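Only one chain comes next, encoded as structure tokens, the form predicted on its own.
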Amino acid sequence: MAQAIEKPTAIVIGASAGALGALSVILPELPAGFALPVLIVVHVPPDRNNLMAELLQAKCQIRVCEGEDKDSIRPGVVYLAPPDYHLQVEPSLDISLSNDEAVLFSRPSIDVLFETAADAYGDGLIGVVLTGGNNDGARGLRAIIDAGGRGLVQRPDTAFTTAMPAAALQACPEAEVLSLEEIAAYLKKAGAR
């Protein structure tokens, strides 16, 4: 089992193809009273009504919502990036939404969230790369680890699509490689009060 970070302050998660299934294993394990905020980027088409927050909320004990510009980031809340907006963390620990250029053909971009969160949270950040079909998240996970945070990557052989976790491991060979159930247990322990 992975060694927990000493004083975690936030969790960021990135996923693409297969995201709903992966998040449906991890997020329901986080108990009411969970002590950390969770910020998530999932690649979703910009022109489609996104029901992911509602679908996940129905399974979770903690609040799940789409992040809104200037929201103060609060513990025990899951913030999902809205379609077609980059989700960023300001140094004030508020959410900032941006419609800047797509990164790796994606807006929202996992790298944008991870890099801004690494700047804001430093060594208290846990970054998680899950299933997906490109290399978004690899550069951002590198930034988290370089800032002293912890990197977790879904075992590629358990991912719906392996490219994203494989790219993250290539960029961050020191990241911990875990199953979805192990990631859920790690995060649950990290956010225990």
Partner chain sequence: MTVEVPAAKTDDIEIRLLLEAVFRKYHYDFRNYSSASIKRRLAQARDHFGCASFSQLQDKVLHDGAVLRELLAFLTVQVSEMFRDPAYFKAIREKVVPHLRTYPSLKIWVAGCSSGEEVYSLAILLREEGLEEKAMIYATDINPEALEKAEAGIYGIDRIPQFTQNHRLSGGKSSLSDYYTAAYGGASFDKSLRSRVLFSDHSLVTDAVFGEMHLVSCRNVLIYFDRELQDRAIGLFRDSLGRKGFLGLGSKESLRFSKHSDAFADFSRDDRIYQKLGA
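Worth saying up front: this structure is predicted, and the values here are computed from it rather than measured. Residue numbers count along the first chain shown, from 1.
Omitted from view is the form predicted together with the partner chain, to which the following refers.
Engineer: Quick check: do Pro156, Gln170 and Glu176 each get a heavy atom within 4.5 Å of the partner chain in the predicted complex?
Structural biologist: Not a single residue of the candidate spot has a heavy atom within 4.5 Å of the partner chain in the predicted complex.
Engineer: At 4.5 Å between heavy atoms, is Glu68 in contact with the partner chain in the predicted complex?
Structural biologist: Output for Glu68 is yes: heavy atoms within 4.5 Å of the partner chain.
Engineer: Does any heavy atom of Val103 come within 4.5 Å of a heavy atom of the partner chain in the predicted complex?
Structural biologist: So Val103 counts as contacting the partner chain.
Engineer: Answer with yes or no whether Leu97 is in contact with the partner chain in the predicted complex, where contact means some heavy atom within 4.5 Å.
Structural biologist: Contact with the partner chain, yes.
Engineer: Enumerate the residues of 66-92 that have a non-hydrogen atom within 4.5 Å of the partner chain in the predicted complex, in sequence order, or give none.
Structural biologist: Sequence-ordered list: Glu66, Glu68, Asp69, Lys70, Asp71, Ser72, Pro82, Tyr85, Gln88, Val89, Glu90, Pro91.
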